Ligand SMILES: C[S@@+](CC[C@H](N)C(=O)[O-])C[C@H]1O[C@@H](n2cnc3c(N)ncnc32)[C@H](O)[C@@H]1O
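The data below hold one chain only, encoded as structure tokens and taken in the form predicted alone.
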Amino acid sequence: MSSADLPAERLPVAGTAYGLGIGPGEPDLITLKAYKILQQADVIAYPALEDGVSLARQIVDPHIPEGRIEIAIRIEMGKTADPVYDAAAIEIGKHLADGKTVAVLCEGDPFFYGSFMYLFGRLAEAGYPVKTVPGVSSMMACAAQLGAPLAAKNDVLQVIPGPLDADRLRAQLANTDAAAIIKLGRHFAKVRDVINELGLTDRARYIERATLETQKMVPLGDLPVDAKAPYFSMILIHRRGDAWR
């Protein structure tokens, strides 16, 4: 999408779009700044599954004032989201052109694998005022819940997406000091096999749905052989076992 696709009446623009990091799941982990913006926003936008609820919307439900315009950005899993973000940017742009403030919700932190970055690029390139409010990322929340500091001293910390192929996963983990493996889901068995091959299982901690009521955490080696993992799950590994050692 180019700026030519957005409404011609967009200038002058009085409204601002805010990408709000709303934390990993527990409503109280929203920052004070994000909360204040949410209270003042005219429009609230959030990602949602095509036929389901929005986790982002659920997280901030206790904090949303009545009477706000809401935009559900519905994304079909397994398909390119570009047309969806194009359409959402146009819809949000119309509200900005009318001088409205738009709060776009993003689980965790907007710029740490956050979906908001795709709207940020489209809106910023079209000349709209866009600001980002950082949030508590899932990685930080998982470390806190597990009681497992991520890194210390001169450790190099790697963030490794689970969808990588086994060879690249193996290469990334072979010499790592510390790693956070994210986006497990259907890639869990492959990731677990690589960790076992490298002899790192006894230094790996598993957690899913961090900070939510359905949170589960356990040493990776204690999971059943046929265990499944949801998308919102993570494995933390430290070669020393504990970062402070």
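Note that residue numbering follows the sequence shown and begins at 1. Please read these numbers as outputs of a predicted model, since none were measured by experiment.
Omitted from view is the form predicted together with this ligand, to which the following refers.
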{"property": "Partner-contacting position among 120, 85, 128, 112 - heavy atom within 4.5 Å of this ligand in the model of the complex", "result": "112"}
{"property": "4.5 Å heavy atom contact, residue 142 to this ligand in the model of the complex", "result": "yes"}
{"property": "Residue 93: touches this ligand in the model of the complex, heavy atom cutoff 4.5 angstroms", "result": "no"}
{"property": "Residue 233, heavy atom within 4.5 angstroms of this ligand in the model of the complex", "result": "yes"}
{"property": "Heavy atom of residue 137 within 4.5 Å of this ligand in the model of the complex", "result": "yes"}
{"property": "Interface stretch in the model of the complex with this ligand - options 68-76, 102-110, 146-154, 170-178, non-hydrogen atom within 4.5 Å", "result": "102-110"}
{"property": "Any residue of 157-182 that, in the model of the complex, places a heavy atom within 4.5 Å of this ligand", "result": "182"}
